[in-house]
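As a starting point, one isolated chain is supplied in structure tokens, in the form predicted on its own.
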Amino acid sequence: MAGNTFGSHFTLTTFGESHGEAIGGIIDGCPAGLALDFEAIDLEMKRRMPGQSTIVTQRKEPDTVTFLSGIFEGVTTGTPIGFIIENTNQKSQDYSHIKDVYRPSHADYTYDKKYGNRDYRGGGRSSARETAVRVAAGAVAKQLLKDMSFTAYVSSVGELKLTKPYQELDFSVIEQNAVRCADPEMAANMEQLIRKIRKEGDTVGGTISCVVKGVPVGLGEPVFDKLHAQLGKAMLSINAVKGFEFGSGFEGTKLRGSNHNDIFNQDGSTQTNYSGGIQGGISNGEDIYFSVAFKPVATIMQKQETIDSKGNKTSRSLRGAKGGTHSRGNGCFSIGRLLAVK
């Protein structure tokens, strides 16, 4: 399997499966001499950790990061940083009912056809469990980017959507609700909707928005490695992501150029920021902001028609591990941390 490494200067290679012994990663390109704050890394992992509320997966994993190399006496040595995160809540038997069945809108069929086999235990390598490794690496990378801040929040669930621009939102309330929305009233409505849909044995999609402040001018290369192209690749590689937009995004297509152009101030800053902090693929010093669309989680508690590995029609109630739910409402757990890696 190729395609397990991301980045060019600060690279991350991930490995492991959802219900294997462990998942882990190798960070290469982290400079020597960085005194790591392990409590900060642990905090980021706790923000992503499953089972934080009843509207997300109830899988119980402590997500403890064990560093194996590249760090001596708490300081990076400049050599590859290897780490693992043990899977302590392995329930492979809970997935025996789908051993030979292709779940609709999962990676089962494509993995089987491409590789000739698949790890059916929670999706194996295709599971969102892999994102825990990205969060750990992002927590390290974030400590290299101390002058930049990363904030992510749920901006829509189903038809419920925040309409205020990010400049008018109170980011301090994000961690105060289970949905991690930047508006308490909307968060309550979103949670109510998620619970309602969950009782129906169904799931719902949503959108996560991210704001990056303190970005210097000059990040990104102007052709194939445009900054927004790299961000798009990073975000689109996250499980269940169906769309990425930055700056004015699709809404910007409704404007005329005379209204959409960001007029310069004398110091090089701009009066508006429809560009989303990126022009010509290069950061211009303004805030970078973007949104990521997540599809409804494909594992639902309703019986659906499907086929097995021999092409026979069958039906299954596509439950996950016992005691688990897959309603997504806490999706912002990793975006801000992931961005630090990118």
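All residue numbers refer to positions in the sequence shown, first residue = 1. Remember, predicted model here, so these are calculated numbers, not experimental data.
Only in words, not in the display: the form predicted in complex with a further copy of the same chain, which the text now covers.
Only one of 196, 213, 97, 164 gets a heavy atom within 4.5 Å of a further copy of the same chain in the predicted bound form. Which one? Flagged contact: 196.
Could you confirm whether residue 305 comes within 4.5 Å of a further copy of the same chain in the predicted bound form, counting heavy atoms only? Yes, residue 305 lies within 4.5 Å of a further copy of the same chain in the predicted bound form.
Would residue 69 count as touching a further copy of the same chain in the predicted bound form under a 4.5 Å heavy atom rule? Taking the distances in the predicted bound form, the answer for residue 69 is yes, it comes within 4.5 Å of a further copy of the same chain.
Would you please decide whether residue 186 lies within 4.5 angstroms of a further copy of the same chain in the predicted bound form, comparing each non-hydrogen atom pair? Taking the distances in the predicted bound form, the answer for residue 186 is no, it never comes within 4.5 Å of a further copy of the same chain.
I'd like to know if residue 122 sits close to a further copy of the same chain in the predicted bound form, meaning any non-hydrogen atom pair within 4.5 angstroms. Result no; residue 122 lies far from a further copy of the same chain in the predicted bound form.
Could you list the residues in 105-119 that come within 4.5 Å of a further copy of the same chain in the predicted bound form, counting only heavy atoms and keeping sequence order? Counting only heavy atoms within 4.5 Å of a further copy of the same chain in the predicted bound form, the contacting residues of 105-119 are 105, 106, 107, 109, 110, 111, 113, 114, 115, 117, 118, 119.
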